[in-house]
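The chain below stands alone and is given as structure tokens, in the form predicted alone.
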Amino acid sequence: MNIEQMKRVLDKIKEYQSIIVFRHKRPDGDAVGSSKGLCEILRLSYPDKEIRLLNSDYSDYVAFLGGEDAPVEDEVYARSLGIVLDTATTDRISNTRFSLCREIVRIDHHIDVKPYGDVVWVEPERSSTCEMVVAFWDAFRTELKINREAATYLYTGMVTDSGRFRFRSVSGDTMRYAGMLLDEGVDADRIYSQLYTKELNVLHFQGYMYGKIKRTENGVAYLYVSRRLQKRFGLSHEDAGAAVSYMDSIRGSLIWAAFIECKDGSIRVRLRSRFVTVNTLAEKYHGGGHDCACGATVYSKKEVKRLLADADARLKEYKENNEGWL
């Protein structure tokens, strides 16, 4: 925990009367949870300040957490502090008008590939940005307030980005912070029912896709979800992307990937692994992220094959030079 960086963030927040919060486009639970959670904490703690959450897209997956604020004029941005959460690079920020803000604070748990921001607090070892926001509140409890609503946002992001507290980024601190949020009255049953119950069409898709899983020579598991399949099963883009989770329990498949055709002709890649580092592979294909959970974009079936070949070579090398992976 970097108390010095956290103190710089708090001091900068105190300087401004107007604060606008941003997160990455195509948001996941952590992006939504951390941005909404921080906004609620700041509104409770500084009722005299103008705190806004302004982005250009949203997520059906966590729509139960509620919406964001209405657009404002450029002059509001110009007098505001911008706080960007859970976003590794500026091209991933959902609201491009973030650049109009007087200063930028970045709070993130992604690897610092392309640094930006006037005040930067980055901890890649954290399980989620939500965990960082909870740590921020906990470190300055004498000044910052929390309630059940904020705790619900943050707990949701911690659950989703940690794989229900199963990923190796989960630490003792992660569990202690989750316990603090539960003490604030979070209804975990409601959150889990919202996140993990599925529409019947999605279950039909899931059953169909189990029969379509393929593996490379050395065990990289993969699925290809075409636009035709998405239309056939009535899927949202998020439903289609969730196919990556169908392969997370295949023995010997330490790397797995879902290729999702997009409307613009590109192919989004959701890449996951166990033990093996794959974020550098994602970076090679117009993406990035965490060591074992990241994303990329390819633009043809040939690129799909090249990515799979690279992943297969990486998995072969890992298996040949490491023990204890089974």
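Computed from a prediction, not measured in an experiment: that's the story for all the values here. Residues carry their position along the shown sequence, with the first being 1.
Keep in mind that the form predicted in complex with a small molecule is missing from the display, and what follows is about it.
K.L.:
Would you please decide whether His110 lies within 4.5 angstroms of the small molecule in the predicted complex, comparing each non-hydrogen atom pair?
P.N.:
His110: yes, in contact with the small molecule in the predicted complex.
K.L.:
Just checking whether Arg92 would be counted as a contact of the small molecule in the predicted complex - the rule being heavy atoms within 4.5 angstroms.
P.N.:
Yes - in the predicted complex, heavy atoms of Arg92 and the small molecule come within 4.5 Å of each other.
K.L.:
Check Ala293 for me: does it contact the small molecule in the predicted complex (non-hydrogen atoms, 4.5 angstroms)?
P.N.:
Close contact exists here: in the predicted complex, Ala293 approaches the small molecule to within 4.5 Å, heavy atoms only.
K.L.:
With a cut-off of 4.5 Å between heavy atoms, is Gly288 one of the residues that contacts the small molecule in the predicted complex?
P.N.:
Gly288 belongs to the contact set for the small molecule.
K.L.:
Looking at 53 to 61, 268 to 276, 66 to 74, 36 to 44, which one sits within 4.5 Å of the small molecule in the predicted complex if you count heavy atoms only?
P.N.:
It is the stretch 268 to 276.
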